[in-house]
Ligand SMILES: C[S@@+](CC[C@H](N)C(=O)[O-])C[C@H]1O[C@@H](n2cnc3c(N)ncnc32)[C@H](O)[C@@H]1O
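The chain below stands alone and is given in structure tokens; this is the form predicted on its own.
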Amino acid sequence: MIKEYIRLIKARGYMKRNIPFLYSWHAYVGYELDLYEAFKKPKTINEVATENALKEDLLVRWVEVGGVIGYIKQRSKQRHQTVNRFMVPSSKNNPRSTGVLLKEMMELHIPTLINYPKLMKSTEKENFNQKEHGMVIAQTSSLLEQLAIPRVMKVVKQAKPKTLVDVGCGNGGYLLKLSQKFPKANMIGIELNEEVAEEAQNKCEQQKQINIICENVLEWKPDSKVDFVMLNNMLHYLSPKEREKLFRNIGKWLNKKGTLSIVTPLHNSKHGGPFSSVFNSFFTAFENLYALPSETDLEELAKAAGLKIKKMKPVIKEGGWYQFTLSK
């Protein structure tokens, strides 16, 4: 009897701990189908289902969950409306919507982690598809960018570079903000994904000082020495050997007073242990993604490049993200 009670207590514990998942699931579906926008004004479920070509019975259940967790409110016997809540993501049409993070979690992270038992028994791993997921990753990286850019701005201001290279520039968010603050600096963005590079080019087209290059950064080199290099949220795409090659290359790119700024989540850091460990679990499930570096790893990479870590500041403590400043 005692064993049965223990089993029930454990089962109830699992259920309680998974309640927060309802909020994430509801927000993801609402973002992906733009349902919060559809119910912005009071409407019936039938109206929304008809207007958006959705299965009405499934929409009923989504609305029911929304009512329970407080994201959807019944305004009359038939009509429902989105509640103006802080955690409800904005429309999918908003490029700054936090819904992109939910999309990455639900379509990439969680399915991979659920597949762990199968992967552990398999001789093969997952393959990260840059073309399929590159754009979403670039969009979610812009959320990190918003928190990291003040710190990066400060480092750039101190370095006063005339030339700046952004390795893995994504959709060009860092470059665009920095170019507006430092209009005299010539800037180059290197991006492997063609679609993302094209978006970066379009976003930065008014800033004539920015040049976006779609190329593998391991094969690229500047025409002359540069003053400043940025490496943001990039290291988990590179194997340990590729990291060493890139750092050695960067050491050659930089002039005698050059600076390297790195923004990356860190393994076994003082902050963000739970997130960094689950990031590593996710990355390790792919044959073409790699575990996060530790502080010791970065020190060894810096040494290989002829650089030293001068400063290390947390950017998002909960996620274990840090900004490192390196120089010769």
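Each residue number is its position in the shown sequence, starting from 1. All values reported here derive from a predicted model rather than from experimental measurement.
FYI, the form predicted in complex with this ligand isn't displayed, but the following is about it.
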query	finding
Output flag, 244, 258 and 302 jointly within 4.5 Å of this ligand in the model of the complex, heavy atom basis	no
Residue among 130, 81, 186, 98 with a heavy atom within 4.5 Å of this ligand in the model of the complex	130
Contact residue in the model of the complex, from 88, 153, 108, 137 (heavy atom within 4.5 Å of this ligand)	137
This ligand contact at residue 250 in the model of the complex, heavy atom, 4.5 Å	no
Contact label in the model of the complex: residue 199 to this ligand, heavy atom within 4.5 Å	no
Any non-hydrogen atom of residue 159 within 4.5 angstroms of this ligand in the model of the complex	no
Non-hydrogen atom contact residue 216 with this ligand in the model of the complex at 4.5 angstroms	yes
Stretch in contact in the model of the complex with this ligand, which is absent here, among 230-238, 72-80, 250-258, 89-97 (heavy atoms within 4.5 Å)	230-238
Residues in 83-111 close to this ligand in the model of the complex, defined by a heavy atom within 4.5 Å, in order	none
